[in-house]
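The data below hold one chain only, encoded as structure tokens and taken in the form predicted on its own.
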């Protein structure tokens, strides 16, 4: 069996300038801080970050925004990180941040759609608003819907509460967030785990993310970082 356990630096070695990365979490709850820190240290830039939000200053993807590594942010909510607005409105092209806001349910479903092999889905959310700009509107049953396309990434950075050596993962409480669906929608999936156990130590009924989706496991994530 392939050894998936690595250091954080080894796990993110494939992330290059311009990579697209999904990051689990909700206001940094469920975000793998150990992997974010390693990515900040690596310094890869012009990244496209796909996540629920922009974290908060000093937490989650907020660290990547502060370090100027994010070119495009695809998220649902950025209000808790004032640096996003500052970078969106700056005249300095070196500091400029493109922010693409997506309704939260639509964002989750676009990610899930890719993992499920779907070509897209119809939603009434955003019809008649700026969300609909550039998108196909389909009338079904007398009602207008937007055709939303699947969303994928080169990498996914997840936070697991308990992960076995194959990558089977459980999540504690609300740390689950976007992590399970992102595991299915990226080419290379890394789990920052609070605890790594032997294969078979996790009751199969409790596995949320199957190890078949996981390419690398990094131990040392702080349990208190919820």
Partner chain sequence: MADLKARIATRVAKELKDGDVVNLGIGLPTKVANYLPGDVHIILQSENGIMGMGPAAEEGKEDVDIINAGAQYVTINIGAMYFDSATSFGIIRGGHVDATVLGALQVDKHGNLANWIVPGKMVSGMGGAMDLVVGAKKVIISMLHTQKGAHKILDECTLPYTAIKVVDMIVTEMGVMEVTDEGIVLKELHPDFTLDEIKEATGCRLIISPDLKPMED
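Residue numbers count along the first chain shown, from 1. This structure is a prediction, so every number in the text was calculated from the model and none was measured.
There is also a form predicted in complex with the partner chain; it is not shown, and the following applies to it.
Picking from 183-191, 62-70, 165-173, 39-47 the stretch near the partner chain in the model of the complex, with a 4.5 Å limit on heavy atoms, gives 165-173. Residue contact with the partner chain in the model of the complex: residue 112 places a heavy atom within 4.5 Å of it. The shortest heavy atom separation between residue 196 and the partner chain in the model of the complex exceeds 4.5 Å. Contact annotation: residue 140 falls outside 4.5 Å of the partner chain in the model of the complex, judged by heavy atom distances.
Although the partner is absent here, residue 79 sits close enough that one of its heavy atoms falls within 4.5 Å of the partner chain in the model of the complex. In sequence order, 101, 102, 103, 104, 105, 106, 108, 109, 112, 123, 124, 125, 126, 127, 128 are the residues of 97-128 having a heavy atom within 4.5 Å of the partner chain in the model of the complex; the partner itself is omitted from this view.
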